[in-house]
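Given next, in structure tokens, is a single chain: the form predicted on its own.
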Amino acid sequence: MSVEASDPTVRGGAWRTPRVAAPSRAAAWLLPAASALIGLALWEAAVAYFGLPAYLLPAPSAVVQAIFTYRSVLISQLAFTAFAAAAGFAIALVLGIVFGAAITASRTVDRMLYPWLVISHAIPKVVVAPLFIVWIGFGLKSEILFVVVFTFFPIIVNTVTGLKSADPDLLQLARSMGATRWEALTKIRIPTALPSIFAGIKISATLAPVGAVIGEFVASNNGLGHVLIQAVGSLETTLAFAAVFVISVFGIAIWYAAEWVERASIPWHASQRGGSNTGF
């Protein structure tokens, strides 16, 4: 019996790797949900078993009750945090892509600008946060600027990496056929860079609410960060946990929104396939 007849993965002398079916949507959610429920149950049991006071570690049931009790406050303060996070992230997105394109297009700009970007990223953000109050003032502007500083670097680094990863032979071919720099950028470099750019966007999107909350610690009387710092100061730990939960849910929602935009923008990329067809 020939190999072709005995092995269903070989047809006509060509090797075909078996295709592995993508997991169902229900299965993809089942394990994370089960893991979360088990973790919450262990947390609840540990608090009850050790008799921990609520100011030290509240039980999950107490946190849920606090979310329901303070729901109007948490939702209204979430609006301030969400606005600062969205505004700062939008500014960082535009600046990151524009500066990334400029760094890729000009070696002079690359050598002059990139070291300053690395230096700015190396400076601890919490250290310079009080300086924003001196330079800009107390309020929303300082908070938005803090979000920009927090989210700018991943976008520009991934943009530069993606734009520089274009196939040099393809760029040379386009140049030999009379393509301009703009045409090479829009038709070759940007499509190649989109997966890398979206990786930076997803990282920065989840950092945006973190930057907004930290900015609210030092430069705002509104937002979930202000609620959190006030709750901790008055030993209302249950309310603090409720604020942390709302912030976490907001960050998760932003992550999935960024993933949805990525799937809609680059459905052709290998990262968007539902399953692997390699068999490994």
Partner chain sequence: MSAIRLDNVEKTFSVGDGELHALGPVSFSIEPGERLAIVGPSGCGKSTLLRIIAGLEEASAGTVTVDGRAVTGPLAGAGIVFQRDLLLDWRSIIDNVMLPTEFRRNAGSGSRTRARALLDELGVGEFAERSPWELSGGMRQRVAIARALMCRPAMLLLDEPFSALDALTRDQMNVVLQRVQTAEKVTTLLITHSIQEAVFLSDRVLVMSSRPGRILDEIEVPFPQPRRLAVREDPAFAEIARRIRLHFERTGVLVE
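Just so it is clear, the model here is predicted, and its values are computed rather than measured. Residue numbers count along the first chain shown, from 1.
Just so it is clear, the following notes concern the form predicted together with the partner chain, a form of the same protein that is not shown.
Peer 1: Is Met177 close to the partner chain in the model of the complex, meaning a heavy atom pair under 4.5 Å apart or at it?
Peer 2: Heavy-atom contact with the partner chain at 4.5 Å: present for Met177.
Peer 1: So in the model of the complex, does any heavy atom of Trp268 sit within 4.5 Å of the partner chain?
Peer 2: Heavy-atom contact with the partner chain at 4.5 Å: present for Trp268.
Peer 1: Is there a heavy atom of Pro191 lying 4.5 Å or less from a heavy atom of the partner chain in the model of the complex?
Peer 2: Output for Pro191 is yes: heavy atoms within 4.5 Å of the partner chain.
Peer 1: Look up in the model of the complex whether Gln172 has a non-hydrogen atom within 4.5 angstroms of the partner chain, and give yes or no.
Peer 2: Gln172: yes, in contact with the partner chain in the model of the complex.
Peer 1: Considering non-hydrogen atoms and a 4.5 Å limit, which listed residue (Arg71, Lys187, His121, Lys164) is close to the partner chain in the model of the complex?
Peer 2: Contact residue from the list: Lys187.
Peer 1: Any idea which of 126-134, 89-97, 164-172, 200-208 reaches within 4.5 Å of the partner chain in the model of the complex, heavy atoms considered?
Peer 2: Contact-bearing stretch, as computed: 164-172.
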